[in-house]
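Below you will find one chain, with nothing else, as structure tokens; this is the form predicted on its own, and questions on how it binds or moves follow later.
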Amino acid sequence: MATDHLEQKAFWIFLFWSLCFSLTSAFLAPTFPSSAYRPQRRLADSVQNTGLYRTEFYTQILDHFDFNPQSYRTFQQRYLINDTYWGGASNKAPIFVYTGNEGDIEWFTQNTGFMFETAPHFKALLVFIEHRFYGNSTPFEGDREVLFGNSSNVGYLSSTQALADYATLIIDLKKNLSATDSPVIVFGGSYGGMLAAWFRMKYPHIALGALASSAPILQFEDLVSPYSFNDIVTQDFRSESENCYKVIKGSWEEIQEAGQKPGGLEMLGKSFRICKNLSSSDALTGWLRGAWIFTAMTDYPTPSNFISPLPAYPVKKMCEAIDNAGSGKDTFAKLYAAANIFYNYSGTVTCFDLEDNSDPHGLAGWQWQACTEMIMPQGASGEDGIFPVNEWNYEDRVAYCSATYGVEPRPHWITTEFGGPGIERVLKRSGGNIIFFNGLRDPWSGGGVLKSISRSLVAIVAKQGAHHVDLRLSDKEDPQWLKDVRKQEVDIISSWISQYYQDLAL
């Protein structure tokens, strides 16, 4: 049987879930969603016809914080630029910068329609900077063995190094464009949103403000519950259908029991159209877990093609598939019908390959970050959770990371570097001008800033919102609440820029 080409790229979706359950029994933070398959869809014709972006490279230094000889090595950092609507340096027109996530920058560029749609209004230059060690911005000539096979080399991958990359590139770009007085606004979603907020805090002399969408800057030790992520996934499915929730919740034990019976793994493989014989039931549960989690994250109100082609309100569609009487009483048939919405909405997949471990999109770096600084506790607890109880255990993470990389995580480094406890006071001292958007159907919102702190530190919370839905391209079917969110963001950014020009004139 043949598999759809997309299925050969699904490895990253459940990489960390398979690792956490088969190797360490502790939750590693799932990678933030990226457009791993293809752009969500065509951007507006006015943008598409003029060219979405052009590709440039900047010679970046390897280490911004030391002066050892190797620190001065360089690599080519990719950035994408669109100057179609820029008002020019002479008019001090703004520069909008996307702080790249943990993957190929083109994925995020093609899924951040909000910046393209607002550029004409602001007469803004658009710049999308790729994060070091991801996509085409890889030191050491991009050799994966050298990049990730040596902890001394991959040690140059960190959020602080990435922020310094963005700072040096922006300064140099403004200098080359003679745009010293052009205000810079940084944008980012998910991990990129965290970087946008942190950039504004650390480099206020470079960025006038930041739009940090779905940025879980509080998802760290001792700040929020390690169970909030999976509690929200539970709420998402339970809000659609009590029966749907109960079927998924009860399925884990059924799958384990079936897998232990003679011929059970073969039966499970056939039930879920798995291409090769299952090696264990854990592989199947990891695959299903990925479907439920990433669908909850991208429960958008319109059809999308961000992580995988999905219909509008995909959680509802999954529950309808499970509740459909046509599926009969067979739990596995119900689960397959629901998972098929995530993995095969196009209807072209004949079987699913759970063993492919390729990484064609250069996402492997996140595993290192999840073993060093991005210690974002996650677990599943309580009788009501949709997933089996699994308590967060930091020691399990230590054991895995020590065995894999020979390093021990630093769980408090992020909050030491950027702040966390008493985040209201921390953000006030940063100088303000940050928008935090969070949709409460997004599992990551549990680690987000959900209350406004001041007039310029604004939290926008959407009850029905999903993972950085505000940054997506607008759609004629967008609900009014989403239109209102985007208008509010535009108005706030406009006020920042207006005040900047007033101050400049003094």
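Everything numeric here is computed off the predicted structure, so don't read it as measured data. The first residue of the shown sequence is 1; numbering continues from there.
Beyond what is shown, the protein has a form predicted together with another copy of the chain; the following relates to that form.
Colleague: Only one of Gly155, Gly385, Gly250, Gly87 gets a heavy atom within 4.5 Å of another copy of the chain in the predicted complex. Which one?
Modeller: Looking at the other structure, the residue within range turns out to be Gly155.
Colleague: Which listed residue (Ser71, Thr348, Gln256, Asn91) meets the criterion of a heavy atom within 4.5 Å of another copy of the chain in the predicted complex?
Modeller: Of the candidates Ser71, Thr348, Gln256, Asn91, Ser71 is the one lying within 4.5 Å of another copy of the chain in the predicted complex.
Colleague: Counting only non-hydrogen atoms, choose the one of 78-86, 227-235, 331-339, 202-210 that falls within 4.5 Å of another copy of the chain in the predicted complex.
Modeller: Going through the listed ranges, the match is 202-210.
Colleague: Should Asp66 be classed as touching another copy of the chain in the predicted complex when contacts are defined as heavy atoms within 4.5 Å?
Modeller: Judged by the heavy-atom cut-off of 4.5 Å, Asp66 is in contact with another copy of the chain in the predicted complex.
Colleague: Quick one: does Glu240 come within 4.5 Å of another copy of the chain in the predicted complex, counting heavy atoms only?
Modeller: Glu240: no contact with another copy of the chain in the predicted complex.
Colleague: Going by a heavy atom distance of 4.5 Å, is Leu288 a contact of another copy of the chain in the predicted complex?
Modeller: No.
Colleague: Would Glu373 show up as a contact with another copy of the chain in the predicted complex if we use heavy atoms at 4.5 Å?
Modeller: It does: once another copy of the chain is placed as it appears in the predicted complex, Glu373 has a heavy atom within 4.5 Å of it.
Colleague: Within 4.5 Å of another copy of the chain in the predicted complex, which residues of 469-506 have a heavy atom? Give them in sequence order, or say none.
Modeller: Stretch hits, in order: Gln499, Tyr500, Asp503, Leu504, Leu506.
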